[in-house]
Ligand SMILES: Cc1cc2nc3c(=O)[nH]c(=O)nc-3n(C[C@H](O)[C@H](O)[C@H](O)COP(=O)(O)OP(=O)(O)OC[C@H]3O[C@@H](n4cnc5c(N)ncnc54)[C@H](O)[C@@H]3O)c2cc1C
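In structure tokens, the next block holds one chain alone, the form predicted on its own.
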Amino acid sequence: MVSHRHPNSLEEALETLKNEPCHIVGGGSDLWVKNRSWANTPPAFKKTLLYLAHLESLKGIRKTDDSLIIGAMTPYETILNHPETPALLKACLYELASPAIRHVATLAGNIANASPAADAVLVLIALDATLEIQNHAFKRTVKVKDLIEGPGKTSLESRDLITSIRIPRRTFTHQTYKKVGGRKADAISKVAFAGGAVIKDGTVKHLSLALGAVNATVVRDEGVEKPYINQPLSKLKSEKEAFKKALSSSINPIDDQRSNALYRKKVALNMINRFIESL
């Protein structure tokens, strides 16, 4: 028999995580699928279920002078309809799931699930988002990009809880979100791209490009982007092929039921090419 916990506060939730391993349940949209039973029986969970969606302290969206802070249990639909949500993230969430899923699923769940094809993770990495992670003893801040170590694998410990997502407030002059899937909506990505740039007076002030479903984790290489910051846009455009070549070594997709590696790599490089041409 699997136990269930419904803590009355964040502190109680952290104390529970301190004392026993748990499945953390926000919307549960990934968790139920991972643990589904093909015999029409209840899911076979092996750990206690810790329900957190009811905790108001983990919900909501607020802004500071430099950031937008999203509570870990805030559903996609709330984020999608909030006036301060970055346009790049809104574009992603609109295509990410069905309306029913968007009313329960959370960014924290998408991050902790650590799928290489996680569209929201892709956008958060392009937006330089960070996470506040708490346990019973201390808090820490981690970049979304640094938390995810591989398919289904993160640096989270069993006692850790993502409590909020922090997104720097930045206005892009150019931005693109593009997802290629087997159908027009509610599909797992074959390849996905998120790009943002700030171009001022012909100079690149900011540049971020991220690709999903083309490696074991989302691909973003700030080392490739950095040489073009505070440089003329003409330099990036004239060195477009070199830019793509530098990223190409990180684009190592697989063949699976949704697509094949050759197609994915070609499309990924085309997306980079098209974004640079649009600047």
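Quick caveat, the model's predicted, so the values are computed rather than measured. Note that residue numbering begins at 1 and tracks the sequence as displayed.
The same protein also exists as the form predicted in complex with the ligand; that form is not shown, yet it is the one meant from here on.
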item	value
Partner contact for D128 in the predicted bound form: the ligand, 4.5 angstroms, heavy atom	no
Contact test in the predicted bound form: L31 vs the ligand, heavy atoms, 4.5 Å	yes
Contact label in the predicted bound form: V191 to the ligand, heavy atom within 4.5 Å	no
Contact label in the predicted bound form: G196 to the ligand, heavy atom within 4.5 Å	no
Interface segment, criterion being heavy atoms within 4.5 Å of the ligand in the predicted bound form, picked from 77 to 85, 135 to 143, 111 to 119, 196 to 204	111 to 119
All of L68, R169 and V224 with a heavy atom within 4.5 Å of the ligand in the predicted bound form	no
Contact residue in the predicted bound form, chosen from I148, L89, L161, L209 - any heavy atom within 4.5 Å of the ligand	L161
Residues of 10 to 25 having any heavy atom within 4.5 Å of the ligand in the predicted bound form, listed in sequence order	H23, I24, V25
